[in-house]
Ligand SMILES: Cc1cc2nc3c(=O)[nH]c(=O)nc-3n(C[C@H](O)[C@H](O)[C@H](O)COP(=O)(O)OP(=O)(O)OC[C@H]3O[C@@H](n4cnc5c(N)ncnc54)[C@H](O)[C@@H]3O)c2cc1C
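What follows is one chain in structure tokens, specifically the form predicted on its own.
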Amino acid sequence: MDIHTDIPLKNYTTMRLGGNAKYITEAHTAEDVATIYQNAKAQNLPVFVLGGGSNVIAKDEGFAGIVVRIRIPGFEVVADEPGSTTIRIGAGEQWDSIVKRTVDMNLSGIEAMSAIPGTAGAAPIQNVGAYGQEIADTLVSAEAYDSLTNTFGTLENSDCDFKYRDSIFRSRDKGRYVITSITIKLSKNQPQPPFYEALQKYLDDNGIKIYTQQIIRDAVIAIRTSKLPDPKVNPNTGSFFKNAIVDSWQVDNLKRISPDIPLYDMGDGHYKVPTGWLIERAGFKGQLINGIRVHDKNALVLINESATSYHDLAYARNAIIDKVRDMFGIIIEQEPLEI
């Protein structure tokens, strides 16, 4: 197991910002994970687990511990039933490669999550989702190392406490578990409408009336390509902000502020408000703030155009949050984690 020292985190995160990690290494097996944590504990060093770096922001001071890049491979069909197939996937597998492979198998359940960067093991952490699908819909379980007890175990779907872009892995048990593999159950049925609004519009606009897993994947990739900049060309983390969730008592006031505000009933007295719409109404779409560009095609996306520090990013982020709060009384939240 190779351990490298004093490595710039900006080389491993898609926003291309941040200081150095004291140590960085890779885990290719579950046993590697346990060994790294045991050695870190013996040296009283903190550990941060990094997948593809597409949903992580590194601070200027860097990380005075060990950064572990999860590279555990694996793709195994563990159950094949008349209507479904269950697959165990190594946490280090690239997510979009997994989506492509399952679409090639004519399986449904994650095809609308095509072209999302990152690793399979990172998907449950923020309950990754797009265009009407999220990992919580298909996850059977996650196999994980428990850094508190130094044991391996299985967390069932119900143990993960999935919410919109949230789970125990980034809330109450943040930093405790390291996912080594996930098990998902996918359907053998073809996708059925109605689809997520933006996806349905694309299908309608292009006269598509036959729906297969591959057609949905192709449509999602086309939509994402038109709205989201390539992080290899324009450093970004995809959607920088979560969509806002508001209580029903806020709805009347929001409609008074902006009668045309889009609201999506999520049930249980909660409504989703597209944060990109809020940011656009606040006047930030296309604007450059301290080297951070608010994407002119999708205001949820912040692009590092010329910023050189986390401070630059934080200034732009806070300016956006403050103005949206002042205009609408809604506090929008950052989606990427921070190291």
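All figures in this text were calculated on a predicted structure; none of them were measured in a lab. We number the residues from 1 along the sequence you see.
Beyond the structure shown, there is the form predicted together with the named molecule, which is absent from this document and is the topic of what follows.
- In the predicted bound form, the named molecule stays beyond 4.5 Å of every heavy atom belonging to residue 242.
- Though the partner is left out of this view, residue 224 does reach within 4.5 Å of the named molecule in the predicted bound form, counting heavy atoms only.
- Proximity of residue 132 to the named molecule in the predicted bound form: non-hydrogen atoms within 4.5 Å are absent; the residue sits far from the partner.
- Remark: residue 168 does not count among the residues lining the named molecule in the predicted bound form, judged by a heavy atom distance of 4.5 Å or less.
- Think of it this way: in the predicted bound form, the named molecule has a heavy atom of just one of 70, 67, 300, 307 within 4.5 Å, and the residue is 70.
- Put simply, of 278, 36, 50, 294 only one has a heavy atom within 4.5 Å of the named molecule in the predicted bound form, and it is 50.
- Residues of just one listed stretch (252 to 260, 81 to 89, 171 to 179, 154 to 162) have heavy atoms within 4.5 Å of the named molecule in the predicted bound form: 171 to 179.
- Within 4.5 angstroms of the named molecule in the predicted bound form, the stretch 235 to 252 places a non-hydrogen atom from each of 236, 237, 238, taken in sequence order.
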